[in-house]
Every structure is written in C-alpha cells, then in structure tokens.
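There is one chain below, alone, in structure tokens, taken in the form predicted on its own.
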C-alpha cells in the first residue's frame, strides 16, 4: 500500500468535487517521502480520500490523481488518461490545425504535464519537481500516444533550459491554424513555443478586422496581427518589447504572403506606445491587449490590478467612438469578474462607455476541470466603445 498522508484541514469535499491540489499547511506528512512518490491521502479519521503524487518540500505538496481507492497511480493510468485526452482533441481540433494542446495538465487529470504538438513535434512543459521525477514516464507516454518526430522538455527546476530529449529538430517548425501559418521556435520560444490558447480568439479578431486600423500590443510573434492583416485590416501595428519577437512577426507576415507595407512593427514598451496614442486618439479603431501575467500569485494582485487598469484606461482613451477593445488576462488569480471590474474602472477613468460583446477563454484543446477554478486562467473580452 502507498504511504499515507493525513489532512489537517477539512478538504475532503474540495477534493471529491474535483480540485486536485493540497498545500503543505493542510497536511501531515510521514518521513522519507521523495518527489514524485505515490501516496494516499486520508482524513483525520483515517478514511481514504484520494491517491496522488507528492513533492515534500514544495508548498503544493500533494496532487490528487484519483479519488478511487481501487485505482493505482502508475504509468498505465497515465497512458489511459493521455489516450483519453487525445480522443478529446481528435473530436475538437479541425484537421487544418497543426498546432494544438494534447494535454492540459490537471485539467486533463494528468497533474504536472502540459504537452503541445507543433506539426508532429511534442513540446512538454512539466511542472514542479514532480515533472522532473516523472519526466521519463511523461516522455514515454507522449511517444506512445502521439508518435512525435521530436520531443522537447522544459521544466523551471531543470538546469540548462528546454532540452531536445528525442528525435531531431531542424530549426523552427511551421504550423497552420486554418488559413494562418506561423513559424514556431519550439526550443527557445515562450511557453512551449507559441500561444496556442488564443487560437479561437484570433478567429474573433479576424472577423472584426476588415477595413480597420489595428494596434496589437504585447504581440509576441504576431498571432493576432497575422489574423487581422490576413482578413482585411487596413493597417496593423505590431508592438512587443522584444526585438526578436517583432522580427519573427515580420517573418510570419511574409510566410502568409502579407506585404509588410503598409503595416508597422515596433520593438517598444506597450505602456509607452499606448500613452502616445492616448495623447492623440483616433489613429486606431481596434486595440488588442494580451499582456503577460501580471499576477503570478495572490501577493501581486494589487499591483497587477493597477497595471491592468492603466493599460485598459490608456487604450480606451486612444480609441474613438465605435472602436473596439480586445483585452486579455492570463492569470488564474484574475478571474473573469475581476477583469470586468478592472475594465469598468478603466472606462470610468477614460470617460468612455463600453458594451461587452463577448467574454471568452482558451480554446477547446485547453479544457477546464470541474471543481478547479485555477484551470480557467485565460479571459478575453471584446468591448465596443461608445
């Protein structure tokens, strides 16, 4: 039998309703446990609650894999769950999309593993020291289920950054999203190489783009910019603070046979660019804000709210009546209601009236697990300016 951990707080319902995490301050641990070990979780009366993996020295100490006492946590369970995740994608991902998320960690009931496929290249992002302990098992499972031609692994605790652990990579990979093409640096790009979670929201921008002047801030390699320009935007300005990302955005325009002129590309701070536009409003009628996470933890929430508020206030001041704001937050600590509150405050400060046209999240290949609100990390709002 696996070793037993004991809950010191009443979290039984929390776990049975689907939440997979228990933090260190809610547990009593026996001695001798190692990262990645399988253990049973008991309540104070000694009754079985869940079975999962442990990281003894991490604040996030226990990750539940199952609440069934007769289910073993091992490589067989991992494989079954990954096959199930692949079946979901087979149903939901169109055949003309060659970059998608195969496994979304806890949301696919596989704690510690995110796996994206880029035209047959598997890019794994494993979480915590669990990811290090289970790396070989994760890689073997992905190879069996997806048969990738190459496998890249990244983990924040691993030395040396992302690593090619199987197969061969000859430079960047090109993926398709329907009629859009993107070049992806799987080894050195952000996240696992690209922001796949915004694919459906790029579709929304494409539908709005015709005839509009677009400012895309925090553009990275120009995902939203390509979507807008390819679907008839009059002009797109692509802004990112990283010059190499802006250069890749230009290459993505060329890859899609979009002339670089009359479009513009700027390696600049988005706050500075928005301040310029707020001082001379009306140059753009669609502004896209897709910043990095300003709230990696609860302690940073006050500062994050201020930063999100300032960004949106500047954008709203820059937009004319009839303009559109597309604004996003990629932190689970900023919930949908929080972002809407921030947007309401920004609209008041900018003296603008807003109509919320849609609130969306990540695409269907980034599913959400019941009972796990942290899994709903991405919010994307389209708002019309009156």
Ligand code: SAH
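Keep in mind it's a predicted model, so treat the numbers as computed, not measured. Residue numbers count along the first chain shown, from 1.
A second form of this protein, the form predicted in complex with the named molecule, is not displayed here; the remarks below concern that form.
K.L.:
Look up in the predicted complex whether residue 128 has a non-hydrogen atom within 4.5 angstroms of the named molecule, and give yes or no.
P.N.:
The answer is no: residue 128 has no heavy atom within 4.5 Å of the named molecule.
K.L.:
Answer with yes or no whether residue 190 is in contact with the named molecule in the predicted complex, where contact means some heavy atom within 4.5 Å.
P.N.:
Yes, residue 190 lies within 4.5 Å of the named molecule in the predicted complex.
K.L.:
Even though the named molecule is not shown here, does residue 253 get within 4.5 Å of it in the predicted complex, heavy atoms only?
P.N.:
The answer is no: residue 253 has no heavy atom within 4.5 Å of the named molecule.
K.L.:
Do residue 136 and the named molecule share at least one heavy atom pair within 4.5 Å in the predicted complex?
P.N.:
Judged by the heavy-atom cut-off of 4.5 Å, residue 136 is well away from the named molecule in the predicted complex.
K.L.:
Quick check for you: of 227-235, 167-175, 268-276, 206-214, which stretch puts a non-hydrogen atom within 4.5 Å of the named molecule in the predicted complex?
P.N.:
Stretch 268-276 is the one.
K.L.:
Even though the named molecule is not shown here, does it sit in the predicted complex so that 195, 202 and 220 each have a heavy atom within 4.5 Å?
P.N.:
Result yes, every residue of the spot touches the named molecule.
K.L.:
Could you spot which one of 241, 97, 77, 146 gets a heavy atom to within 4.5 Å of the named molecule in the predicted complex?
P.N.:
By the 4.5 Å heavy-atom cutoff, the listed residue in contact is 241.
K.L.:
From the list 302, 292, 281, 156, which entry has a heavy atom within 4.5 Å of the named molecule in the predicted complex?
P.N.:
The residue from 302, 292, 281, 156 that makes the contact is 292.
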